[in-house]
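Presented as structure tokens, the chain that follows is alone, the form predicted alone.
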């Protein structure tokens, strides 16, 4: 049996290692399309902060790790898939056959169709090559405009601040991190970063980027403002790497659609990680949950099924944990809540003096989503309540009155025997 794994990020590496344990005699090929060993994008901010070197981003640091596991590494970019003949065409013209295929190709940063977005001083922050270019431009005192204040933008914000740049963030939404934070929470994060010296412009877009007269770049905003800068970093979201699937029977929506076995619409082809769109734990609706723990869980399940086991993913839970200039925020599950006529109800706790915030969202007596700021201890209890779909009973009313008692609710409802002792 030959397993072809497209993508050598966390999902691809975990899948390859899981396959080796589950199928000791099978052939495994792990394909990456960058000129680097398998690495974690989540480590790039630490690289920009110069806390680590490039080797510090590598997923496996032991020399000969993949050779010892008899996992063949291949550099190549997939361009076309023939599902009938079970073979993949790569950009260099060679074909690779397979018996089982895993699509773990991840995603790529979106460059909005803005005039000037392809100028050399305009960079994304996604690959090691991007990080090298940013490090070359983002010297202390450099004027940097960051387009986008979403999850990716906030992750790299701290690295840029530590490099001593003069940073301006422009976000189209009405608040920071609009896809994972409530309006109140997003506003609190904005106030936090502004107090740290970062300029934040919300409800504004970038109309064009030009070579400046007195500076390398001049950025024109939809508000009419013009900002001179040395570097623009585009952090405007990502899209799945699925171009090679065009014309195949593999169904793609926001990502590659998979069932609870991580198998796609074509038998023998699986998907995992940022590229996969798997059933949500609550609704069953398909969801791209692009975080590393989910990618690893999906990769293990997919690999075991590729090896002939019968393994099932217990639904995907949306989880985001973010460190924005030292302010920790989280969101879990259906953080935006449910309509009242469908049993939805919610509560907010706001402590602006201490930069603390908590939003709990219920459906009937089950906690389905939560958002928090500044709560660094026991926040895993929120995940436990939500992922476990725990029936809260009388604890729901208590939480509506005193939301910060969520740890007590978790202990009482999830570990009643422990509480009795």
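Residue numbers count along the first chain shown, from 1. From a predicted model like this one, the values you see are computed outputs, not experimental measurements.
This protein has a second form, the form predicted in complex with a small molecule, left out of what is shown; the following refers to that one.
Participant: Out of the stretches listed (300-308, 172-180, 236-244, 278-286), which one is close to the small molecule in the model of the complex, meaning heavy atoms within 4.5 Å?
Facilitator: Going through the listed ranges, the match is 236-244.
Participant: Classify residue 76 as contacting or not contacting the small molecule in the model of the complex by the rule of any non-hydrogen atom within 4.5 angstroms, answering yes or no.
Facilitator: Yes, residue 76 is a contact residue.
Participant: Although the small molecule is absent from this view, report whether residue 363 comes within 4.5 Å of it in the model of the complex, heavy atoms only.
Facilitator: Flag for residue 363 set to no.
Participant: Check whether residue 41 has any heavy atom within 4.5 Å of a heavy atom of the small molecule in the model of the complex, and answer yes or no.
Facilitator: Result yes; residue 41 sits at the interface with the small molecule in the model of the complex.
Participant: Heavy atom to heavy atom, is residue 104 within 4.5 Å of the small molecule in the model of the complex?
Facilitator: Taking the distances in the model of the complex, the answer for residue 104 is yes, it comes within 4.5 Å of the small molecule.
Participant: Report the residue, out of 198, 156, 217, 71, that has at least one non-hydrogen atom within 4.5 angstroms of the small molecule in the model of the complex.
Facilitator: That would be 156.
Participant: Pick from 86, 248, 265, 292: which residue has any heavy atom within 4.5 angstroms of the small molecule in the model of the complex?
Facilitator: Filtering the options by heavy-atom distance leaves 292.
Participant: Kindly confirm or deny that 8, 31 and 126 each have some heavy atom within 4.5 angstroms of the small molecule in the model of the complex.
Facilitator: All three within 4.5 Å in the model of the complex.
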